[in-house]
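Okay, so here's just one chain, in structure tokens, the form predicted on its own.
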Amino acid sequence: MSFDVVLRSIFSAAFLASVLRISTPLILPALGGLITDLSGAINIALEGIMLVSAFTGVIVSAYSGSVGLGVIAGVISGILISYVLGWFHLHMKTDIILAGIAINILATGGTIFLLFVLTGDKGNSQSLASGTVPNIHLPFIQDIPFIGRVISGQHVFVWIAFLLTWLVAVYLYRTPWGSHLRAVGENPDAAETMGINVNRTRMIALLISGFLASFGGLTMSMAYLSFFQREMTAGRGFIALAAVYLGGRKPWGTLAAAILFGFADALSHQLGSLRVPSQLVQTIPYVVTILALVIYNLREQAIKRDRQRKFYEQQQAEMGSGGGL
């Protein structure tokens, strides 16, 4: 395939529609990471939660014959893992980073082991007839040129991702619970003196993050694909955490950052048809992630220097006015 054909495909409705689909399993765990980051108990186990939820959804769907039961089971498994993480961190006083890494390792090996036990295959679950979530076709909108082909026909998790972004924004900045959560993250001691239960608030944040991240895993195995594949999340849980910081720790900023990473991933798929080494093309999403974090860090340093300069100038002005008196 020539470069001109690839370039035209990048600016097509089909490509933009694929960006939304590919971004969804990043948006959902990123929202979960945002909530826990603001609470002061960052959930490093997003990768493991996504893997377990993806596996559970496929297995339950295949054996029960119900897509709905598969989705519910996947969500419950994600919440339970978050509870385990919260219990070890908040009650057993385990370092949350180490506990999260341990859960990720356990999820990677555990899903492969259970996959082999249930299917006899260590690679994927294609031998099981798993269900998939439906696509939503919007009347009238699907008839709009270009836009209709981008928006209409997306699977249900795409719409859930945008709806949950709005709900998270409302929760964090329009409700007292969101204010309490942010207060705990900024200054837990001060929040506790105000009567806010710090451990309970952080546990709730972790449970919400498990709920959100589980949808990201289910997107991979019951929408993006129709089966479970070993290590299918491929680092998306960690990329989601990067989206939190690149997005300025805001819901809509996190959404935009996740879509940027999704665009890079979709671009790597398109460039894969060129005569370029596949290994090089596959690094594009991760290279973009690293560059984005570097840019974020440089921006934060510039903001910090600007604040320090303004503070210094203000101190000098106050000293000057005091000396004049």
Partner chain sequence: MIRKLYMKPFVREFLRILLAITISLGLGFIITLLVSDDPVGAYQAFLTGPLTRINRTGEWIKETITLTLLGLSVALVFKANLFSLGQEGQMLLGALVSGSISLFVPLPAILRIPLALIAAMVVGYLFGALPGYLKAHLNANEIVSTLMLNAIALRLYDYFLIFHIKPEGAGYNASDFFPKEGILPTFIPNVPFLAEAYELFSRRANITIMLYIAIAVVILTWYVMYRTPYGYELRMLGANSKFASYGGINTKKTIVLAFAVSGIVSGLAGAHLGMGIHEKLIANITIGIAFEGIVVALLARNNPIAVPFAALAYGYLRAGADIMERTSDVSREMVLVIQAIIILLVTAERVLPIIQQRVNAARANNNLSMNSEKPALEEGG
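No experiment lies behind these values; they were computed from the predicted model shown. Residue numbers count along the first chain shown, from 1.
Just so you know, the form predicted together with its partner chain exists too; it's not on screen, but the next bit is about it.
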Does at least one non-hydrogen atom of Ser39 fall within 4.5 angstroms of its partner chain in the predicted bound form?
-> no
Decide whether Gln301 counts as a contact residue for its partner chain in the predicted bound form under a heavy atom distance cut-off of 4.5 Å.
-> yes
Contact label in the predicted bound form: Ser66 to its partner chain, heavy atom within 4.5 Å | no
Can any non-hydrogen atom of Arg230 be found within 4.5 angstroms of its partner chain in the predicted bound form?
-> yes
With a 4.5 Å heavy atom cut-off to its partner chain in the predicted bound form, the contacting stretch among 148-156, 211-219, 230-238, 125-133 is 230-238
State the residue from Ile72, Ile112, Leu207, Leu225 whose non-hydrogen atoms include one within 4.5 Å of its partner chain in the predicted bound form.
-> Ile112
Taking its partner chain as it sits in the predicted bound form, which residues of 185-218 have a non-hydrogen atom within 4.5 Å of it? Please list them.
-> none
Against the displayed form, Ile239 vs Arg299 by Cα, in the predicted bound form, with 3 angstroms or more change: pair is farther
Over in the other structure, so in the predicted bound form, do Asn187 and Leu293 pull closer or drift farther apart at the C-alpha level? The difference is 3 angstroms or more.
-> closer
